[in-house]
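Only one chain is shown below, in structure tokens, and it's the form predicted on its own.
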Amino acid sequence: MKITIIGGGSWGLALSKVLSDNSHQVLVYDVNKKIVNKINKLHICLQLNEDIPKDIKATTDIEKAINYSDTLLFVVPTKVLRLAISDTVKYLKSPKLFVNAAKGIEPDTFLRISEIFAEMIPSKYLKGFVSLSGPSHAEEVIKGLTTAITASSEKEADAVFIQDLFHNTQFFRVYTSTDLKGAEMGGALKNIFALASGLIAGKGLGDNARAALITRGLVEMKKFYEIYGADTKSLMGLTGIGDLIVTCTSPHSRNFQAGYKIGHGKDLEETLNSMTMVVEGIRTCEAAYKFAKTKNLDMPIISAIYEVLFNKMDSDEATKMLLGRSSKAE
């Protein structure tokens, strides 16, 4: 089948390679001419310096990309998602299945990505929506290392369709779920705890502290799931604890890397200036903190990370604040 990828970054090209390996035809759209030229002429992923199949094509012509396929896979940071959708809407002529593989929540609205699509895409063109999520670093997927993710949609048939597109018996296993809320919440919230995990590593606080962080992070995630109407059973799946573990423990995680730099004494501005890719956890932390305040939710870890990021609280002080909370039963 023909598939359009919106976004020629490392994750977009890693997924393009999976589709190509599965004998599908892929056209990648990106605004960056350098990225497009690297794909078309040198057949490499610029960000990872990895080879990609020669049959993957790229373009800077968004109209051509939109008309190429009835399945549009968006792999762009949430910060520019509305702009990407606005550009897409101009050229929609028929219903499309929209798929998203980025993870985040919009700070000012606390909207999930599927809700942003539903808000911006005219209903006559929105055939369906699927989220691709799970423990999956582009650096490993593009090398063909074993990976398992989940295709989530409120319409099971759409999830199964995307499962069939991406499932590869050699290295890329895809499950399905109808808990779209849980998949999107898990994929976004885990980035906050990855920042905290990186900070712990940067401070040299040890593996015990990181294990405790992941465990208590799940508790805070569960509170969000419950108030948001997501299925808390998804926490035990790939889009929940699976994604949380890999993002909190892997040096491939840009959120972990950012937290590590902060743990080493850099402030937020210095950290962001030193990163080559978007750190979604920072925007998500802001969104989650504000939402928790409006709902009177007790989120000590998220609150501590928010104070470090946005109010310049010293990380040692944030650690003392967490450890100094009153004793209670688990």
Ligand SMILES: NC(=O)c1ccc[n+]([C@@H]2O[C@H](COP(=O)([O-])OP(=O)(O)OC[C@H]3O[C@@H](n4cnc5c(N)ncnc54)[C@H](O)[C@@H]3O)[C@@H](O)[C@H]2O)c1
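As the structure is a computational prediction, the values presented were derived from the model and not from experiment. From 1 onward, residues are counted along the sequence shown.
The following text describes the form predicted together with this ligand, which does not appear among the structures shown.
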field: in the predicted complex, segment of 291-299, 50-58, 23-31, 258-266 with a heavy atom within 4.5 Å of this ligand
entry: 23-31
message: So this ligand isn't shown here. In the predicted complex, which residue out of Ala287, Ala304, Ile35, Ala65 has a non-hydrogen atom within 4.5 Å of it?
response: Ile35
- line: Answer key: of Asp231, Glu154, Glu139, Glu115, within 4.5 Å of this ligand in the predicted complex (heavy atoms) is Glu139
query: Might Lys181 be said to contact this ligand in the predicted complex, defining contact as any heavy atom within 4.5 Å?
result: no
- request: Consider Ile44 of the chain shown here, and say whether it contacts this ligand in the predicted complex, taking contact as heavy atoms within 4.5 Å.
  value: no
message: When the contact criterion is heavy atoms within 4.5 Å, does Ala101 count as touching this ligand in the predicted complex?
response: yes
task: Evaluate Val278 for contact with this ligand in the predicted complex, applying a 4.5 angstroms cut-off between non-hydrogen atoms, and reply yes or no.
output: yes
message: Given a 4.5 Å distance limit between heavy atoms, list every residue of 1-40 close to this ligand in the predicted complex, or none if there are none.
response: Ile6, Gly7, Gly8, Gly9, Ser10, Trp11, Gly12, Tyr29, Asp30, Val31, Asn32, Ile35
